[in-house]
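Shown here is one chain on its own, the form predicted alone, set out as C-alpha coordinates.
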Amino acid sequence: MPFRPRYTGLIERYRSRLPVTDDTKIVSIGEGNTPLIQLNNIPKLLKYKADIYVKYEGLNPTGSFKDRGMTMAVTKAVEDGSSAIICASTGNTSAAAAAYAARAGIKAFVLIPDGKIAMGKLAQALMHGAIVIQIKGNFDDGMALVKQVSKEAPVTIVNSINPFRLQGQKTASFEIIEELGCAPDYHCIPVGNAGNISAHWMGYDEYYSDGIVKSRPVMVGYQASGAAPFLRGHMVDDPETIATAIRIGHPQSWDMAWKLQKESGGWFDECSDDEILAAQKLLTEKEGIFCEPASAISVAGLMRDINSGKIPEGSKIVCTLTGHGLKDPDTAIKQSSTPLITVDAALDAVKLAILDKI
(Lines give C-alpha, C1' and ligand atoms only; values in the text may rest on other atoms or scores of the structure.)
Protein backbone atom coordinates (compact mmCIF):
# COMPACT_ATOMS: atom_id res chain seq x y z
CA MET A 1 0.00 0.00 0.00
CA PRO A 2 1.21 3.57 -0.71
CA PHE A 3 2.34 5.69 2.24
CA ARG A 4 2.07 9.43 2.63
CA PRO A 5 5.07 11.37 3.94
CA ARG A 6 4.64 12.46 7.56
CA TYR A 7 3.18 15.96 7.82
CA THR A 8 5.62 18.17 9.73
CA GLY A 9 3.94 21.56 9.77
CA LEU A 10 3.19 24.44 7.46
CA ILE A 11 6.70 25.91 7.23
CA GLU A 12 8.08 22.68 5.82
CA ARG A 13 5.10 22.37 3.47
CA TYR A 14 5.40 25.92 2.13
CA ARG A 15 9.12 26.47 2.69
CA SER A 16 9.64 28.04 -0.75
CA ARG A 17 6.97 30.67 -0.01
CA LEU A 18 8.15 31.61 3.48
CA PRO A 19 11.15 33.63 4.71
CA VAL A 20 13.28 30.68 5.81
CA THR A 21 16.45 29.06 4.50
CA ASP A 22 17.66 25.48 4.34
CA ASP A 23 19.57 26.13 7.57
CA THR A 24 16.62 27.54 9.52
CA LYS A 25 15.73 25.44 12.55
CA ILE A 26 11.96 25.17 12.38
CA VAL A 27 9.86 25.35 15.56
CA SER A 28 6.68 23.43 14.79
CA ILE A 29 3.95 21.45 16.54
CA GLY A 30 2.35 20.21 13.32
CA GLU A 31 0.15 23.27 12.77
CA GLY A 32 -1.84 23.89 9.60
CA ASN A 33 -3.49 21.33 7.32
CA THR A 34 -6.83 22.03 9.06
CA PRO A 35 -10.15 20.72 7.69
CA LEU A 36 -12.19 22.59 5.10
CA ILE A 37 -15.69 21.36 5.92
CA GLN A 38 -18.70 21.86 3.65
CA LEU A 39 -21.84 22.81 5.56
CA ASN A 40 -24.75 20.50 4.81
CA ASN A 41 -27.64 21.51 7.05
CA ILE A 42 -27.39 25.27 7.59
CA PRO A 43 -27.79 26.08 3.85
CA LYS A 44 -30.95 23.94 3.84
CA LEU A 45 -32.32 25.84 6.83
CA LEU A 46 -31.62 29.10 5.01
CA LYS A 47 -33.10 27.69 1.76
CA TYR A 48 -29.96 28.98 0.10
CA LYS A 49 -28.24 27.28 -2.82
CA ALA A 50 -24.50 27.78 -2.53
CA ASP A 51 -21.37 25.93 -1.49
CA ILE A 52 -20.50 27.06 2.02
CA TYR A 53 -17.32 25.80 3.65
CA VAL A 54 -15.78 26.46 7.04
CA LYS A 55 -12.03 26.42 7.56
CA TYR A 56 -11.87 24.89 11.03
CA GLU A 57 -8.77 26.51 12.51
CA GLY A 58 -9.79 25.29 15.96
CA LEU A 59 -8.05 22.02 15.11
CA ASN A 60 -4.59 23.57 15.18
CA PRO A 61 -2.36 22.28 18.03
CA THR A 62 -3.36 24.94 20.58
CA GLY A 63 -6.89 25.22 19.22
CA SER A 64 -6.72 28.40 17.14
CA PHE A 65 -5.39 29.98 13.95
CA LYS A 66 -2.70 31.74 15.99
CA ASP A 67 -0.47 28.68 15.64
CA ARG A 68 0.02 29.41 11.95
CA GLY A 69 1.67 32.72 12.71
CA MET A 70 3.39 31.62 15.90
CA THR A 71 5.39 28.84 14.26
CA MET A 72 6.91 31.48 11.97
CA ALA A 73 7.36 34.17 14.64
CA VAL A 74 9.07 31.85 17.11
CA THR A 75 11.16 30.16 14.41
CA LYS A 76 12.52 33.55 13.34
CA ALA A 77 12.96 34.75 16.93
CA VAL A 78 15.12 31.72 17.68
CA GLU A 79 17.01 32.15 14.41
CA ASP A 80 17.80 35.74 15.42
CA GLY A 81 19.13 34.58 18.78
CA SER A 82 16.22 35.66 20.99
CA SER A 83 15.78 33.84 24.29
CA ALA A 84 12.38 35.33 25.19
CA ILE A 85 9.17 36.39 23.46
CA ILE A 86 6.36 38.66 24.62
CA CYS A 87 2.78 39.36 23.55
CA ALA A 88 -0.41 41.05 24.60
CA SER A 89 -3.39 38.77 24.24
CA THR A 90 -7.11 38.26 24.64
CA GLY A 91 -6.25 34.58 25.06
CA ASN A 92 -5.43 32.68 21.89
CA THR A 93 -2.14 34.44 21.19
CA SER A 94 -0.98 33.79 24.74
CA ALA A 95 -1.77 30.08 24.41
CA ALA A 96 0.10 29.81 21.11
CA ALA A 97 3.06 31.88 22.27
CA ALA A 98 3.39 29.80 25.43
CA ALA A 99 3.25 26.50 23.54
CA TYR A 100 5.76 27.43 20.84
CA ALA A 101 8.12 28.99 23.38
CA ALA A 102 8.00 25.74 25.34
CA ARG A 103 8.75 23.81 22.17
CA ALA A 104 11.69 26.10 21.41
CA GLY A 105 13.03 26.09 24.96
CA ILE A 106 12.73 29.86 25.45
CA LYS A 107 10.70 32.06 27.83
CA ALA A 108 7.27 33.50 27.04
CA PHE A 109 5.83 36.58 28.73
CA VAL A 110 2.14 37.28 28.12
CA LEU A 111 0.08 40.30 29.14
CA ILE A 112 -3.63 39.61 29.48
CA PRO A 113 -6.59 41.77 30.56
CA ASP A 114 -7.49 41.00 34.18
CA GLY A 115 -10.79 39.09 34.26
CA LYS A 116 -11.27 39.42 30.49
CA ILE A 117 -9.89 36.12 29.25
CA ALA A 118 -11.66 32.80 28.76
CA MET A 119 -10.52 30.18 31.26
CA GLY A 120 -9.56 27.61 28.63
CA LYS A 121 -7.04 30.02 27.15
CA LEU A 122 -5.62 31.06 30.50
CA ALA A 123 -5.17 27.41 31.44
CA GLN A 124 -3.16 26.82 28.28
CA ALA A 125 -0.77 29.71 28.91
CA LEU A 126 -0.21 28.64 32.50
CA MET A 127 0.27 24.95 31.71
CA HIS A 128 2.78 25.69 28.97
CA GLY A 129 4.85 27.60 31.51
CA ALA A 130 4.41 31.17 30.31
CA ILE A 131 4.94 34.04 32.73
CA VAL A 132 1.45 35.53 32.78
CA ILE A 133 1.02 39.17 33.74
CA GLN A 134 -2.56 40.34 34.28
CA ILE A 135 -3.03 44.06 33.74
CA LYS A 136 -5.87 46.23 34.98
CA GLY A 137 -6.79 47.28 31.47
CA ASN A 138 -7.85 45.86 28.12
CA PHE A 139 -5.97 44.29 25.20
CA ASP A 140 -5.18 47.66 23.67
CA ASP A 141 -3.52 48.80 26.91
CA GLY A 142 -1.51 45.59 26.92
CA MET A 143 -0.43 46.08 23.32
CA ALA A 144 0.85 49.59 24.07
CA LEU A 145 2.83 48.25 27.03
CA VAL A 146 4.33 45.38 25.03
CA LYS A 147 5.61 47.84 22.43
CA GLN A 148 7.22 49.94 25.16
CA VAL A 149 8.73 46.98 27.03
CA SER A 150 10.30 45.53 23.88
CA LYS A 151 12.37 48.71 23.54
CA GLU A 152 13.80 48.31 27.02
CA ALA A 153 14.08 44.53 27.52
CA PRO A 154 15.59 41.72 25.38
CA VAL A 155 12.28 40.24 24.23
CA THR A 156 10.79 39.67 20.76
CA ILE A 157 7.18 40.76 20.16
CA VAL A 158 5.10 37.97 18.62
CA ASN A 159 1.83 39.86 18.17
CA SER A 160 0.65 40.39 14.59
CA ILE A 161 2.79 43.53 14.27
CA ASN A 162 5.55 40.94 13.87
CA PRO A 163 5.65 40.54 10.05
CA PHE A 164 6.52 36.85 10.30
CA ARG A 165 3.17 36.18 11.98
CA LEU A 166 1.26 37.19 8.85
CA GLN A 167 3.60 35.17 6.67
CA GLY A 168 2.61 32.05 8.57
CA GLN A 169 -1.09 32.89 8.61
CA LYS A 170 -1.27 33.46 4.85
CA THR A 171 -0.86 29.71 4.38
CA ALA A 172 -4.52 29.17 5.28
CA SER A 173 -5.41 30.70 1.90
CA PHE A 174 -2.97 28.37 0.15
CA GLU A 175 -4.67 25.35 1.72
CA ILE A 176 -8.15 26.59 0.79
CA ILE A 177 -7.19 27.13 -2.85
CA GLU A 178 -5.48 23.75 -3.07
CA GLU A 179 -8.57 21.94 -1.75
CA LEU A 180 -11.15 23.85 -3.79
CA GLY A 181 -9.06 24.00 -6.94
CA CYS A 182 -9.78 27.73 -7.09
CA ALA A 183 -10.25 30.76 -4.87
CA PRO A 184 -13.70 31.11 -3.27
CA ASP A 185 -15.99 33.89 -4.42
CA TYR A 186 -16.33 35.23 -0.88
CA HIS A 187 -14.26 34.74 2.25
CA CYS A 188 -15.96 35.66 5.53
CA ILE A 189 -13.77 36.14 8.57
CA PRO A 190 -13.87 37.53 12.14
CA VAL A 191 -12.01 40.80 12.62
CA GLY A 192 -10.39 41.92 15.86
CA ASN A 193 -6.81 43.01 15.43
CA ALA A 194 -7.28 42.62 11.64
CA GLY A 195 -4.06 40.67 11.16
CA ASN A 196 -5.79 37.48 10.03
CA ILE A 197 -7.92 39.06 7.32
CA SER A 198 -4.77 40.84 6.10
CA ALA A 199 -2.80 37.58 6.08
CA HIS A 200 -5.52 35.74 4.16
CA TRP A 201 -5.52 38.44 1.50
CA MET A 202 -1.73 38.17 1.25
CA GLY A 203 -2.08 34.45 0.56
CA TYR A 204 -4.83 34.82 -2.02
CA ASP A 205 -2.98 37.64 -3.74
CA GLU A 206 0.27 35.64 -3.86
CA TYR A 207 -1.34 32.66 -5.61
CA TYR A 208 -3.21 35.04 -7.94
CA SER A 209 -0.06 36.99 -8.83
CA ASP A 210 1.79 33.75 -9.54
CA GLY A 211 -0.99 32.59 -11.88
CA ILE A 212 -2.05 29.64 -9.74
CA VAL A 213 -5.63 30.96 -9.63
CA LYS A 214 -7.48 33.33 -11.93
CA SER A 215 -9.38 35.27 -9.28
CA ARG A 216 -9.29 36.51 -5.71
CA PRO A 217 -12.22 36.42 -3.27
CA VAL A 218 -14.28 39.29 -1.97
CA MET A 219 -13.10 39.65 1.63
CA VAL A 220 -15.83 40.26 4.21
CA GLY A 221 -14.83 41.06 7.79
CA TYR A 222 -17.23 40.93 10.72
CA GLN A 223 -16.85 42.65 14.07
CA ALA A 224 -18.83 42.46 17.30
CA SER A 225 -21.07 45.51 17.70
CA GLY A 226 -19.40 46.45 20.99
CA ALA A 227 -15.93 46.27 19.44
CA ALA A 228 -16.34 47.53 15.89
CA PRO A 229 -13.84 50.28 15.03
CA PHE A 230 -14.05 49.48 11.31
CA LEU A 231 -17.78 50.18 11.42
CA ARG A 232 -17.36 53.34 13.50
CA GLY A 233 -14.56 54.66 11.30
CA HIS A 234 -12.32 55.27 14.30
CA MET A 235 -10.68 53.43 17.19
CA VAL A 236 -12.87 52.31 20.10
CA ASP A 237 -11.44 52.92 23.58
CA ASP A 238 -13.64 50.58 25.63
CA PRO A 239 -14.55 47.56 23.49
CA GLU A 240 -16.97 45.05 24.98
CA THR A 241 -18.36 41.76 23.64
CA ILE A 242 -18.96 38.16 24.68
CA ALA A 243 -16.59 37.22 21.84
CA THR A 244 -13.41 37.81 23.86
CA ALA A 245 -11.05 36.92 21.01
CA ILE A 246 -12.16 39.99 19.04
CA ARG A 247 -12.65 42.37 21.98
CA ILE A 248 -10.18 44.83 20.46
CA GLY A 249 -10.77 48.52 19.85
CA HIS A 250 -7.43 49.56 18.36
CA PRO A 251 -6.59 47.09 15.55
CA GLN A 252 -2.88 46.90 14.81
CA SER A 253 -3.47 46.08 11.14
CA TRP A 254 -5.86 49.00 10.59
CA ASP A 255 -4.31 50.37 7.39
CA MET A 256 -3.74 46.96 5.80
CA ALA A 257 -7.35 45.95 6.44
CA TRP A 258 -8.79 49.07 4.85
CA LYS A 259 -6.50 48.58 1.85
CA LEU A 260 -7.52 44.97 1.26
CA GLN A 261 -11.18 45.81 1.70
CA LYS A 262 -10.92 48.19 -1.23
CA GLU A 263 -8.75 45.89 -3.34
CA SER A 264 -11.07 42.92 -2.87
CA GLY A 265 -14.31 44.84 -3.28
CA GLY A 266 -15.33 43.64 0.17
CA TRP A 267 -16.86 45.22 3.23
CA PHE A 268 -17.01 45.20 7.02
CA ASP A 269 -20.16 44.57 9.02
CA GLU A 270 -21.09 44.00 12.65
CA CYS A 271 -23.10 41.45 14.63
CA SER A 272 -24.63 41.61 18.08
CA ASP A 273 -23.59 39.23 20.84
CA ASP A 274 -26.96 37.50 20.51
CA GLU A 275 -26.37 36.88 16.80
CA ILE A 276 -22.88 35.55 17.52
CA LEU A 277 -24.08 33.11 20.18
CA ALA A 278 -26.99 31.96 18.01
CA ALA A 279 -24.60 31.14 15.17
CA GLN A 280 -22.26 29.29 17.54
CA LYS A 281 -25.16 27.17 18.74
CA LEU A 282 -26.43 26.57 15.19
CA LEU A 283 -23.03 25.33 14.02
CA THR A 284 -22.75 23.02 17.00
CA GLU A 285 -26.26 21.58 16.90
CA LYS A 286 -26.78 21.39 13.13
CA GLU A 287 -23.28 20.72 11.77
CA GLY A 288 -21.43 19.14 14.71
CA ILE A 289 -18.79 21.88 14.65
CA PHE A 290 -17.93 23.47 18.00
CA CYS A 291 -16.16 26.82 17.68
CA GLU A 292 -15.64 29.67 20.11
CA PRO A 293 -17.98 32.71 19.94
CA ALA A 294 -15.59 34.96 18.00
CA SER A 295 -15.30 32.28 15.30
CA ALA A 296 -19.05 32.04 14.88
CA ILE A 297 -19.34 35.68 13.85
CA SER A 298 -18.17 34.70 10.36
CA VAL A 299 -21.26 32.51 9.98
CA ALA A 300 -23.54 34.98 11.78
CA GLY A 301 -22.48 37.72 9.39
CA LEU A 302 -22.76 35.45 6.37
CA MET A 303 -26.36 34.57 7.28
CA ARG A 304 -27.21 38.25 7.52
CA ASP A 305 -25.65 38.97 4.12
CA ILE A 306 -27.41 35.97 2.59
CA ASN A 307 -30.78 37.16 3.89
CA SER A 308 -30.19 40.68 2.56
CA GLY A 309 -29.14 39.36 -0.83
CA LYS A 310 -25.69 40.91 -0.55
CA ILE A 311 -24.07 37.52 -1.20
CA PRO A 312 -25.92 35.89 -4.11
CA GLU A 313 -26.96 32.27 -4.53
CA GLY A 314 -24.59 30.04 -6.42
CA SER A 315 -21.55 31.51 -4.68
CA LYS A 316 -18.61 29.54 -3.34
CA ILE A 317 -18.06 30.79 0.21
CA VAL A 318 -15.47 30.07 2.90
CA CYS A 319 -15.92 31.11 6.53
CA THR A 320 -12.95 31.03 8.88
CA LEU A 321 -13.64 29.49 12.29
CA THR A 322 -10.70 30.87 14.22
CA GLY A 323 -10.82 28.86 17.46
CA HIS A 324 -12.20 25.74 19.12
CA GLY A 325 -15.28 25.93 21.35
CA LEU A 326 -13.41 24.42 24.29
CA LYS A 327 -11.46 27.67 24.50
CA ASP A 328 -14.47 29.18 26.27
CA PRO A 329 -16.51 26.37 27.85
CA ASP A 330 -18.27 28.63 30.37
CA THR A 331 -19.99 30.66 27.65
CA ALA A 332 -21.01 27.49 25.84
CA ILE A 333 -22.52 25.87 28.92
CA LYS A 334 -24.46 29.02 29.84
CA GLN A 335 -26.31 29.05 26.52
CA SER A 336 -26.87 25.31 26.21
CA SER A 337 -30.54 24.35 26.15
CA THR A 338 -29.88 20.65 26.73
CA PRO A 339 -30.58 19.81 30.38
CA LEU A 340 -28.46 17.54 32.50
CA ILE A 341 -30.54 14.57 33.66
CA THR A 342 -29.80 12.89 36.97
CA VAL A 343 -31.28 9.45 37.67
CA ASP A 344 -30.54 6.42 39.81
CA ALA A 345 -27.89 4.02 38.52
CA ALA A 346 -30.55 1.50 37.52
CA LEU A 347 -31.64 0.13 34.14
CA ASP A 348 -35.28 1.16 34.52
CA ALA A 349 -34.37 4.72 35.45
CA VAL A 350 -31.95 5.14 32.53
CA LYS A 351 -34.38 3.53 30.08
CA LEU A 352 -37.21 5.79 31.25
CA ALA A 353 -35.03 8.88 30.82
CA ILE A 354 -34.19 7.82 27.25
CA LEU A 355 -37.73 6.92 26.23
CA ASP A 356 -38.99 10.21 27.62
CA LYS A 357 -36.76 12.08 25.14
CA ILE A 358 -37.40 9.96 22.03
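Keep in mind that this is a model prediction, so the values were computed, not measured. Residue indices: 1-based, along the sequence shown.
One more form of this protein exists, namely the form predicted together with a small molecule; it is left out here, but the text below deals with it.
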item: Exercise: residue 139 in contact with the small molecule in the predicted bound form, heavy atom 4.5 Å; value: yes
item: is_contact(residue 91, the small molecule) in the predicted bound form, heavy atom dist at most 4.5 Å; value: yes
item: Interface membership of residue 196, the small molecule in the predicted bound form, 4.5 Å heavy atom rule; value: yes
item: Residue 110: touches the small molecule in the predicted bound form, heavy atom cutoff 4.5 angstroms; value: no
item: The small molecule in the predicted bound form: contacting segment from 307 to 315, 291 to 299, 39 to 47, 24 to 32, heavy atom within 4.5 Å; value: 291 to 299
item: Single option in 248, 85, 279, 73 placed near the small molecule in the predicted bound form, where near means a heavy atom within 4.5 Å; value: 248
